[in-house]
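Single chain ahead, written as structure tokens, the form predicted on its own.
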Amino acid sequence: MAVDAEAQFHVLAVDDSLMDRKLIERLLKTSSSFQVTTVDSGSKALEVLGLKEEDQTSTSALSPQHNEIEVNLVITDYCMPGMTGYDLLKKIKESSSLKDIPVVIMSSENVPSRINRCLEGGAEEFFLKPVQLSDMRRLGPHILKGKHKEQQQLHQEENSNTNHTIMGSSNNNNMSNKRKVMDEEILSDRTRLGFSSSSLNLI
């Protein structure tokens, strides 16, 4: 049962090395039977995630694209030509629709300042290459946490929409009540005027 549930989770693996991509894919499928998609660059990862990089020189020139593939976790190499793993991490965390996707960084270089920068930037883990099967088994809790955040956000949005509907209905009722009071006041004024006219005619 656990394997079937985990098989529903989709991991996006990003690495410019074909050998490393194949290794990561094999480890992911061996450890938890994840669905795995591999790409060789950060820009291709953005396409899979549904973000298109319009201008390579601009870090904020991203436009949302329709994406039918749901990604539950991104694992990316740090050192890649063009866009580094840290750059990819920043773009994911800056996106309102993708920020809850867990991101794991890998590197063959043990540089403490680099590791700290990635973790402070929102990465869940920093693995040293070559990655091991035990590393892949640590990804499950991060995926579940990401799914929990996503469900919480959807719940909050549903509550917000419900509150807006209730407020709109309340405003409509208030307007209806105000109209009713105004109509009654106008009718009362007309009745008083009619009595006054009759009195004058009798005189």
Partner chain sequence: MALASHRHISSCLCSIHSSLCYSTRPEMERSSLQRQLANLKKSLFDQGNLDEQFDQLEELQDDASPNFVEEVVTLFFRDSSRLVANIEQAIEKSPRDYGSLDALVHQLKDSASSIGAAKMMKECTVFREYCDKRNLEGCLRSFQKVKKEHSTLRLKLENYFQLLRQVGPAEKATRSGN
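For clarity, every value in this text was computed on a predicted model and none was experimentally measured. Numbering follows the first chain given and starts at 1.
The same protein also has a form predicted in complex with the partner chain, omitted here; what follows describes it.
Engineer: Taking the partner chain in the predicted bound form as the reference, which of R26, H155, R138, K149 has a non-hydrogen atom within 4.5 Å?
Structural biologist: Looking at the other structure, the residue within range turns out to be R26.
Engineer: Is it the case that S97, even though its partner is missing from this view, gets within 4.5 Å of the partner chain in the predicted bound form, heavy atoms only?
Structural biologist: Although the partner chain is absent here, S97 would stay clear of it in the predicted bound form, with no heavy atoms inside 4.5 Å.
Engineer: Would you check, heavy atoms only and a 4.5 Å threshold, whether L133 touches the partner chain in the predicted bound form?
Structural biologist: Yes.
Engineer: Using heavy atoms and a 4.5 Å limit, would one call S108 a contact residue for the partner chain in the predicted bound form?
Structural biologist: Yes, contact at 4.5 Å.
Engineer: Heavy atom to heavy atom, is N159 within 4.5 Å of the partner chain in the predicted bound form?
Structural biologist: Outside the cut-off, so no.
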